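The chain below stands alone and is given in structure tokens; this is the form predicted on its own.
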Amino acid sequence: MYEHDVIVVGAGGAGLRAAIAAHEEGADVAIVSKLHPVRSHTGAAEGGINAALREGDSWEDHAYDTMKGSDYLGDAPAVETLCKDSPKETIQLEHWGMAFSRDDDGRVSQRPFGGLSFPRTTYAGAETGHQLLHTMYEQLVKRGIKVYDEWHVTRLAVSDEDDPEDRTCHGIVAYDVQTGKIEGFRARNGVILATGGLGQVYDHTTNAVANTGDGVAMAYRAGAPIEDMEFIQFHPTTLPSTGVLITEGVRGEGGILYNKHGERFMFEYGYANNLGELASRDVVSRAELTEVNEGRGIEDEYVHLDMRHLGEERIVDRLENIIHLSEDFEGVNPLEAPMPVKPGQHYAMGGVETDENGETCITGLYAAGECACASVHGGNRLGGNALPELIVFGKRAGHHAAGKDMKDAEITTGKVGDYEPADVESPVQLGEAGLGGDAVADGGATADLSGDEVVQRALDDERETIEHLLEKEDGIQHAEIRERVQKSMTEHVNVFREEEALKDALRDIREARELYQDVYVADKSRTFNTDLLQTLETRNILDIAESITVGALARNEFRGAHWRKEYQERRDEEWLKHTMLSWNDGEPELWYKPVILEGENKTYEPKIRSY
């Protein structure tokens, strides 16, 4: 058994920043990651980091834009923490050597982004995430922080008292891809989940194949509530053939969207009369799909994004990698012709419920980055707000887990205070139908064990599960199950949502769950067994897909990225609350908690959201 003070799961932007922060506090910290740090999906982030750095801008304006963008489902303490801390954390990156783009006067460049009232998106060409990842990895190496590279974390080691608020996370269980060993990791102070996104729930996504929602699913099965899972962001500009992202920076620099008639539809059809292409992402994605659905799309699938008028010099200086992406994947040189683009799954606003220090209701369990929900983004994330979330909340989680004395959180976690029990009318049974023995919340035998014993128990259970998979000689392979779920989610739980389609998705997920009980691994090898790893990831995809769909069916309103055909308005009097799901004896339990709109100096009053 390995042992450290703080264990960080995942080595993207949030994980690296959390590890550095814990190390700063003197903790013995280690990262356990299924990918080498510089292969993490943070490296694919193109756009930039929102930070109020210049005269005429302020963190208060940034906070207002973020709350408006969230469609008033963000929690003010988290939103204001992000906006207050982002400038100093962005400057810290520059001091560590991050190669930000510069203006002629030497200042760090900033560009306009969707939904912002000021051009506050700080960037490094169109590869900001790549630069950020490498800059922080240098700091990791400089500090000598231990990285368990290509260790796939499969289970949290959590005690199983009846109430999640009484539980403690003592560590993790992970599979060494290189050797095939399954080992326990004891965390003396805390485990920080920084596992990123869940895009592989869909078949058209900007996310990497590694983004299977592992952290969210593991925390959910351990009893930590997950929050606002129905809010999935579909980025308006992805390449149709692959889902590869075309940065919002193209529109920030002045790129224009056209339909097949050559009309600038964001203005021509009144989708966003003021900001046009720089409306928030949910608005632009719905506009594009409306154009396609009403027959004004190109080849009944996509629209055009044109940046030729910006000029070759400006494009090469600020957006060079976009030229290569368009040429490589679509065969289009954007210096000579417009690029085809359509909406694709991009980001999850929901995730593991945390406070503004990254702490969950389970003692010793933290989450930061895209797998967490504080909630900063509410119903819709603004472009440029993901990277500051990584560095701001990654740092805070690292400090808190390492024992730094920090201000008490204003956001509560777990079923405390003013919460509302709820139910959803599902056409099928929800939950259960997994591999068995992999949900802490279903147990009851480890509440009185020591930390080491809890980790050992989890390790024994995981070894038994994996041995069962490897010994089973026939059945169904995970790829068929995963494909069924991905196609159903893309068809039924996309930008536009209808009640019967959501119920169809739940039926499909139920069938997939039952098929999964007969899953087997064809590759019986013990080393570099990607068949085994993807089989385990598919269990996570099942739980995540169901939670997204349950939330979408329950929320009877149109808010942010969540559009319902039957409910075409935001209903603040009923739905100004977070959708919560807890895993309770093998079944999702639905409940709600109120949004916190009271900030440090003001209350954010919900207003009509127009751009």
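Throughout, we count residues from 1 along the sequence that is shown. Treat the numbers as computed from the prediction; the structure is a model and nothing was measured.
The same protein also exists as the form predicted together with a small molecule; that form is not shown, yet it is the one meant from here on.
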Next item on the list: Report yes if any heavy atom of Asn211 sits within 4.5 Å of a heavy atom of the small molecule in the model of the complex; otherwise report no.
Entry: yes
Note to self: Under a 4.5 Å heavy atom criterion, is Glu46 part of the interface with the small molecule in the model of the complex?
What the structure shows: yes
Notebook entry, point to check: With a 4.5 Å heavy atom cut-off, would you call His152 a contact of the small molecule in the model of the complex?
Noted result: yes
Notebook entry, point to check: For Thr206, is any heavy atom within 4.5 Å of the small molecule in the model of the complex, or not?
Noted result: yes
Checklist line | Among 357-365, 252-260, 283-291, 384-392, the region lying within 4.5 Å of the small molecule in the model of the complex by heavy atom distance | finding: 384-392
Next item on the list: Counting non-hydrogen atoms within 4.5 angstroms of the small molecule in the model of the complex, say which of Gly196, Gly190, Gly74, Gly223 makes the cut.
Entry: Gly196
Next item on the list: Could you spot which one of Ala401, Met218, Val158, Ala374 gets a heavy atom to within 4.5 Å of the small molecule in the model of the complex?
Entry: Met218
